[in-house]
Ligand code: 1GP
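Here we start with a single chain on its own, the form predicted alone, put down as structure tokens.
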């Protein structure tokens, strides 16, 4: 008998896991920093807790994302979501797309411009999306996100502004929140900010940037993060194997 059941949407599956008390760990793979020949080594060195893979970066040459996604999907069964720096990084081979809006900044290109271009691309493919409010928090580094988007990160000593931006996204219909301290951040997103955003929105919450140690990851989970993202730490592992 033919099975007519639709595949579970990645957001629905994630929410189900959250309700079961499961915490997620995603490894972010930047196409600019992970040559295709290094993918097997990357997959061998994934933390045992890894639940997802994100693919994307702030500045990625056209075509690199597609090739990287294809290579990873051939070697791994982990759910793979696109974490796009721009609309050109969308791949129909992925399992999902974080449909990001940079609500921490005031640049219309990253509030609606890139999203409109992405919408045109998405009309040609069947790729599940998760509407995600993306907030860049000051992690003590000059982040690539800030440089590329021409926006400033939100100061950690102004939690009310961070909370208001997150709540604005919630009221506009965001389905998830992403608090980002920036690649290689010296200071991860503080636990108190994670806690306040989670309590106020009760949306699935992703936290990334500057999380290199296991205790930092557990602290983020304990504060309310449903998914923690590591990237630079894995890049450092790969650099040691080359």
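Positions refer to the first chain, counted from 1. Bear in mind the structure is a predicted one, so any value in this text is a computation, not a measurement.
There is another form of the same protein, the form predicted in complex with SN-glycerol-1-phosphate; it is not shown, and what comes next is about it.
Trainee: If you check 204, 31, 190, 184 against SN-glycerol-1-phosphate in the predicted complex, which one has a heavy atom within 4.5 Å?
Mentor: None of the other options qualify; the answer is 184.
Trainee: Using a 4.5 Å heavy atom cut-off, indicate which stretch of 169-177, 206-214, 192-200, 44-52 touches SN-glycerol-1-phosphate in the predicted complex.
Mentor: After filtering at 4.5 Å, what remains is 206-214.
Trainee: Please check if residue 230 has a heavy atom lying within 4.5 Å of any heavy atom of SN-glycerol-1-phosphate in the predicted complex.
Mentor: Residue 230 belongs to the contact set for SN-glycerol-1-phosphate.
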